[in-house]
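We begin with a single chain expressed as structure tokens, specifically the form predicted alone.
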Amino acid sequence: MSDLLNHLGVDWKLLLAQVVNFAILAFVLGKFAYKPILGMLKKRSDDIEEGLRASEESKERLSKTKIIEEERILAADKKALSMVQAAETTAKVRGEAIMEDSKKKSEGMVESAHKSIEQERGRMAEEVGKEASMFVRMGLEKVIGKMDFNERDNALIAEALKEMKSASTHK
């Protein structure tokens, strides 16, 4: 064997020293470099997997949150729509009630105004009659003179007023 190695140009002592050196180097690297690097790589890989898992969980939560949000928005829209419809219905009913009340009030005011006008008209006719009676009396006094005509002319004045009233109501 030694001859074969010598024949191939290999020094077995040098080869043995290189093997020992390599074993020592492999042991040192394995003890102080390889295991820590593998540990760091394992930890990094675990961190990445944890990050990916957290990312997937976040995506799932986000999609669930979006679904819940959409459901809540739809529910809120439905609720708002029903509230608006209820408000419109209430407003319509109240508007109709207010219109009916206003109509009744205006009719009452118009009726009251008509009554007031009729009363005023009657009062004015009475005043006009009194004034006309006074003017007729004064006119008769001037025409007839200073005669006592109270009893005789009262019937004539009453007749004249009656004719004036009937003439004014026929207009």
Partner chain sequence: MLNIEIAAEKLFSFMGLPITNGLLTSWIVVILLVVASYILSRNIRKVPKMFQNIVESGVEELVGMMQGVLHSRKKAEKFFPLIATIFTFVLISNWLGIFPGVGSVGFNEVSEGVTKFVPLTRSAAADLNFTLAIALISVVMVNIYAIRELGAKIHFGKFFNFKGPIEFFVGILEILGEFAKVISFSFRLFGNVFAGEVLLIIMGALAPFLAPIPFLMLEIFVGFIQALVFSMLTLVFLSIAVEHEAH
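Rigid core (definition): largest C-alpha set, two forms, superposition within 1.5 Å. Positions refer to the first chain, counted from 1. In this text the structure is predicted, and so the values were computed from the model without any measurement.
Keep in mind that the form predicted together with the partner chain is not shown, yet the notes after this line are about it.
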Discussion item. Considering non-hydrogen atoms and a 4.5 Å limit, which listed residue (E56, E69, E107, D47) is close to the partner chain in the predicted bound form?
Written reply: D47
Worksheet entry | Position in contact with the partner chain when the complex is considered in the predicted bound form, options G51, G122, P36, G139, heavy atoms within 4.5 Å | P36
Worksheet item: In terms of non-hydrogen atoms within 4.5 angstroms, which of the given stretches 61-69, 113-121, 99-107, 28-36 touches the partner chain in the predicted bound form?
Response: 28-36
Practice prompt. Answer for A160 alone: is it within 4.5 Å of the partner chain in the predicted bound form, judged on heavy atom distances?
Written response: no
Worksheet item: Is there a heavy atom of N154 no more than 4.5 Å from a heavy atom of the partner chain in the predicted bound form?
Response: no
Worksheet entry | Proximity of N150 to the partner chain in the predicted bound form, heavy atoms at 4.5 Å | no
Worksheet item: Hey, in the predicted bound form, does A167 get a heavy atom within 4.5 angstroms of the partner chain?
Response: no
Worksheet item: Would you say M124 moves between this form and the one not shown, meaning its CA shifts by 2 Å or more once the core is fitted?
Response: no
Discussion item. Aligning on the core only, does the CA of M40 end up 2 angstroms or more away between this form and the one not shown?
Written reply: yes
